[in-house]
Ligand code: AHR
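So this first bit is one chain, no partners, the form predicted alone, shown in structure tokens.
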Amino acid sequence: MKAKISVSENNIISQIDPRLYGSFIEHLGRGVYGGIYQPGHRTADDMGFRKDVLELVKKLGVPVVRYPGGNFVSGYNWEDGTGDKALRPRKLDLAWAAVETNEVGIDEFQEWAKRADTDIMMAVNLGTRGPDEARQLVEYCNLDTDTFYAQKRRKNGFEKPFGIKLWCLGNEMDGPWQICHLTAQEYARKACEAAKVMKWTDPDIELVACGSSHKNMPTFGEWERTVLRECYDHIDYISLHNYYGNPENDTPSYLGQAVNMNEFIKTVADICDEIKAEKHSDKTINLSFDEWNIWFHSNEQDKQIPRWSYAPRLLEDIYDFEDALVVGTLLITLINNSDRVKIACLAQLVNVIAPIMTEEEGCWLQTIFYPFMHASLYGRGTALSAEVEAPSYDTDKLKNIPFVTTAAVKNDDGGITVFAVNRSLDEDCEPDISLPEGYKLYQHIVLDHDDMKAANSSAEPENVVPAEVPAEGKTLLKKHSWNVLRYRKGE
């Protein structure tokens, strides 16, 4: 198969916000307890955080982590996770039918984030709670005043404010599964008033309003319009959530799911611009795709988990090679939409639909770890529009899926990185790649495997891993492969 890829330094999409490579940790399953936090583990530090997990998170270079939910946040009282651990309440978590001990809360998580070299995207409870509790949490986290909640933080041992600048106004509030879910108008009013008092408390924060829970919700579209009309002047972003899967084992359609993601992004951006025009505003609302990933492998096993367990093995999808390819195409789509998608969170980070898995003896890496790491490391800088001429294919579900999909980034060091996925199950691709004069390929990283269902495990942690191939000679995009092509100016 032949393809032509043309990259010009003049064809700029946008400067990439590093937060495009964010992630998510929710109080769910073993995400926190047995994931990032396990006192008594052989790698535990002075606060009980697993140092082996911290090192892998730093290896991913995650710039922001959304916390503490997710569905969990809609029933969460933030005060429960502060102060003396001996006095913290054990509570029922209705979102996931589990027991929450509150051993970890914002007091601990803000310190974990520092140790992981990341920032926090904090979600507030707009389910069982509202604007008053939200602005109190902002004061607790961010203010240096001689006032009640700032003093409460100091009494809990934290003299300096945490400085959390990015906040979510609730989570998936149109979902019937959400604790105290709301109509669009109910949420819009609640979110608007929360946004006002949160920004009155700290004018320097950025706020993300909830979009629809996913693109197939009956509320999708009109929900966004209602929320934007009410909240436009007080928010900075609106959220998108979507998960992808292959329960029908239709690999060609599955490999094309990024086409759906791209359409979703364009539709929400158009709605934002529609309301901008309606309001005659100079302000642009950008997008926060703060939940995205593959999620379907664990659905059946999760039905067997007993209710009211502590840190149960929930949502522990084991990802295979084709999942990694799909994640690669989704990352490419986010980069190519970085003019509007400024924040994105791979959901989640550890154990729960995650690239990093923990066992008592150590950690192992899922297949999806690698494309995410490559994008995070080499996808910083300016996104360039790569023109691709390649054959396409149709499935019963999707039409006009290009066999080759790419994104190009002008890196801050002056190099250019091209990410490419060959979706073909049968044919290698010999691309004719045109770059600005003087650029030469110096590194080609490939993730491929003969078995689309091959996965890693604690027993076989290196069954699916990337490799470097020679950068000299003709470039080849092997059939069903993820490729990182790194160029620099020739000497």
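Just so we're clear, the structure is a prediction, and the values are computed from it rather than from any experiment. Position 1 is the first residue in the sequence shown; the rest follow in order.
What comes next is about the form predicted together with this ligand, which is not displayed.
Can you say which of 164-172, 146-154, 265-273, 355-363 gets within 4.5 Å of this ligand in the model of the complex, counting heavy atoms only? Of the options given, it is 164-172.
Please identify the residue among 323, 224, 100, 291 with any heavy atom within 4.5 Å of this ligand in the model of the complex. Residue within 4.5 Å of the partner: 291.
Problem set entry | Position in contact with this ligand when the complex is considered in the model of the complex, options 286, 253, 118, 71, heavy atoms within 4.5 Å | Selected residue: 71.
Original post:
Looking in the model of the complex, any heavy atom of residue 96 within 4.5 Å of this ligand?
Top reply: The answer is yes: residue 96 has a heavy atom within 4.5 Å of this ligand.
| said: Even though the partner isn't displayed, in the model of the complex is residue 295 close enough to this ligand, meaning a heavy atom within 4.5 Å? | reply: Yes, residue 295 lies within 4.5 Å of this ligand in the model of the complex.
Does residue 243 reach this ligand in the model of the complex if we count a contact as any heavy atom within 4.5 Å?
Result yes; residue 243 sits at the interface with this ligand in the model of the complex.
_Given that this ligand is not shown alongside this chain, does residue 28 nevertheless sit within 4.5 Å of it in the model of the complex, heavy atom to heavy atom?_
Yes.
Taking this ligand as it sits in the model of the complex, which residues of 312-327 have a non-hydrogen atom within 4.5 Å of it? Please list them. Contacting residue: only 315.
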